[in-house]
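One chain follows as structure tokens, the form predicted on its own.
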């Protein structure tokens, strides 16, 4: 049974910081830039947006066709509580979907990918979604702060309409300790960077590649594209040289200088960049690494890739749609390294309450009901047992549109923490004719919003209380058309 990629989607935050700005704050230096998550973003909101893009590109109905959701990250928000249910709600996935989380390594997404591939190859599933996302906490002034970026990528695996077949997988693992973070540590620790580079990253990737070549009876020259895990530019160039990979092979899979080290999203983001440009018949080699383990995966691009290009939001558009963070203080506030010591305002309904559990699901799903008598749309459904227009009690379920335009708005300059002014409040006219009120994001001044401006509803973190984040839909200026 042929198993492979049937669609994919990415998400790269809008904000970027030049590494020279970070270096200047700590008397260091480096080239390139990193993607930085906004203050209302986290690893779950980024993963959700990448997942929505992947479902659209794969052209499946996630409410009934999606059977597994596997998530790989070393930036898990909680040691005990899973956040995959939030992503499932945004996708409007079935309650019978299989959730699984993989962590503790930058190659966690590849562990998820292999598990999903096995599920599809066994016939247990037809469509499974694999997500790699990262938003690592880094110590101020550390090498990780200089190199790490934020982002997410989602890969749909299946057996129908495959755009890139998985030909072979080979894994190489040793008991090698290079970077670690124990339960009492906020940041990653490392013994010695050169030790990590030479005996961790380099040795394991070369061994994994060699094992795959032996299984396939081929060599590096048999691949049109090579994608490497990208901790930093010098490590990548060293391994590329050792593998004899040329610049043409590496051209589309390297994003370290544009978005930084994306950890568990790194290699899969590189694969997405390659698939954006790949032609039928191309062969792709992807090499991951993390925590003493490396995976080598060979893929072959099929003729089906061309038919799905019109549903794609490519990496290049996310790279162009960016906004520079101008100083280190603003960057430190965004990453949480610098926090104002205010007591956050408590929300009226605790995030662990039954009311928020019940209502939050349909809010994230944009689930509403339409009155059968007068056709008025009532929202949210759980608190609309009687139509507010005609008093009818019979309804049909509908899903609100995610795109629309600004009907009217206001900007609040003074808002309680953790919100930061100016905070936009927008009433929008959705494309389906309904009207929706929500907070705005990526709107920093009156120059960023206007009447009739196109907007889209995206999931963001509204507030965190008692360590539990509350997610909801907010309006964002249309970013990728």
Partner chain sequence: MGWNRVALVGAGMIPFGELFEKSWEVMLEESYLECLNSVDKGIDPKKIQAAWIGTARPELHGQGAQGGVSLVGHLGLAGIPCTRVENGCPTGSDALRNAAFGVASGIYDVALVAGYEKMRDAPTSGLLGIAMQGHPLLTLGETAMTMFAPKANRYMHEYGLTKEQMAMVAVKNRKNGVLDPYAQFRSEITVEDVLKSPTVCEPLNILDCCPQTDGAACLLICRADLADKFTDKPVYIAGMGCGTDYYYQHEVESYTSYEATVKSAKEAYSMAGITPDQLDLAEVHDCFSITEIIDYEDLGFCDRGEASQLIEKGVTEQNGDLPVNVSGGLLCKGHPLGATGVAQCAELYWHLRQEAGERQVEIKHGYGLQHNVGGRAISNSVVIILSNHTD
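Everything numeric in this text was worked out from a predicted model, so none of it was measured. Numbering follows the first chain given and starts at 1.
Quick note: we don't show the form predicted together with the partner chain, though the next part is all about it.
Among 405-413, 73-81, 323-331, 256-264, which stretch has residues with heavy atoms no more than 4.5 Å from the partner chain in the model of the complex?
Comparing against the partner chain in the model of the complex, the contact stretch is 405-413.
Check residue 459 for me: does it contact the partner chain in the model of the complex (non-hydrogen atoms, 4.5 angstroms)?
No.
Test of understanding: in the model of the complex, would residue 437 fall inside 4.5 Å of the partner chain by heavy atoms?
Result yes; residue 437 sits at the interface with the partner chain in the model of the complex.
May I ask you to check whether residue 143 falls inside a 4.5 Å heavy atom distance of the partner chain in the model of the complex?
Heavy-atom contact with the partner chain at 4.5 Å: absent for residue 143.
Would you please decide whether residue 376 lies within 4.5 angstroms of the partner chain in the model of the complex, comparing each non-hydrogen atom pair?
Yes, contact at 4.5 Å.
Using heavy atoms only and a 4.5 Å cut-off, determine which of 115, 121, 349, 338 is in contact with the partner chain in the model of the complex.
It is 349 that has a heavy atom within 4.5 Å of the partner.
Within 4.5 Å, heavy atoms only, which of 359, 165, 198, 101 is in contact with the partner chain in the model of the complex?
If I apply the 4.5 Å criterion carefully, the residue I get is 359.
Check for me whether the partner chain, as it appears in the model of the complex, comes within 4.5 angstroms of all of 226, 247 and 311 - heavy atoms only.
Verified in the model of the complex; spot residues all out of contact, no.
Neighbours of the partner chain in the model of the complex among 454-477 [non-hydrogen atom within 4.5 angstroms]
The stretch 454-477, when checked against the partner chain in the model of the complex, contributes 462, 463, 470, 471, 472 at the 4.5 Å heavy-atom cut-off.
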